[in-house]
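What follows is one chain in structure tokens, specifically the form predicted on its own.
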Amino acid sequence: MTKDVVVEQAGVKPGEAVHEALLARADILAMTQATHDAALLPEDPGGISHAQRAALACRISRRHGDAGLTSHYDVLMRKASATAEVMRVADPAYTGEGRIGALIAYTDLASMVPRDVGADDIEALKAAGIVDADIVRLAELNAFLAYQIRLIAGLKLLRA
């Protein structure tokens, strides 16, 4: 099994029953890692930079209380040379203004109460100047984080 973010963050060690189960699903873990890389470090980031993506992921992880994943995304944000303003996005108390405020508002809603996301929220992103392709990229990032956080939490429970 190759090293990946989910296995590392769940603390799975060789020899554990969970590790053996994951070996049987190595293809799923490989696809999960590929999705992580595509959502956070795409070749073409569009209008949402690698640093902004990592900052939003850090914010989501922090809001879900996953300290390990927050640390992972904090490192990724810093490696992407995030500006001070972008680093503020990772702080759940920061709401931002304009375009960044719209990205944060959508991310906070989609990551914490996804059933409440509606057409008005998409229109708010468009009104802030966010193009359709970036709205899709933002939704993909939020969807991946929801999956990743739940997968890691589940693996931690299996190890307990």
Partner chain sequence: MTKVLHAFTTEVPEWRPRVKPVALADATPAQLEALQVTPSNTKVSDYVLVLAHDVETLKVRSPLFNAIMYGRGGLSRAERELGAVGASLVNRCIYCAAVHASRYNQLAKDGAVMEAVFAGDEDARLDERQSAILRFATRLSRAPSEAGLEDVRRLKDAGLSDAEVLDLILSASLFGWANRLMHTLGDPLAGDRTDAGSGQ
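No experiment lies behind these values; they were computed from the predicted model shown. Residue numbers count along the first chain shown, from 1.
The same protein also has a form predicted in complex with the partner chain, omitted here; what follows describes it.
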item	value
Contact test, all of 118, 135 and 153, partner the partner chain in the predicted bound form, heavy atom 4.5 Å	yes
Contact flag, residue 97 vs the partner chain in the predicted bound form, heavy atom cut 4.5 Å	no
Non-hydrogen atom contact residue 61 with the partner chain in the predicted bound form at 4.5 angstroms	no
Exercise: residue 47 in contact with the partner chain in the predicted bound form, heavy atom 4.5 Å	no
Interface membership of residue 127, the partner chain in the predicted bound form, 4.5 Å heavy atom rule	no
Residues within 4.5 Å of the partner chain in the predicted bound form, restricted to 20-46 and counted by heavy atom	21, 22, 25, 27, 28, 31, 32, 34, 35, 38, 39, 42, 43, 44
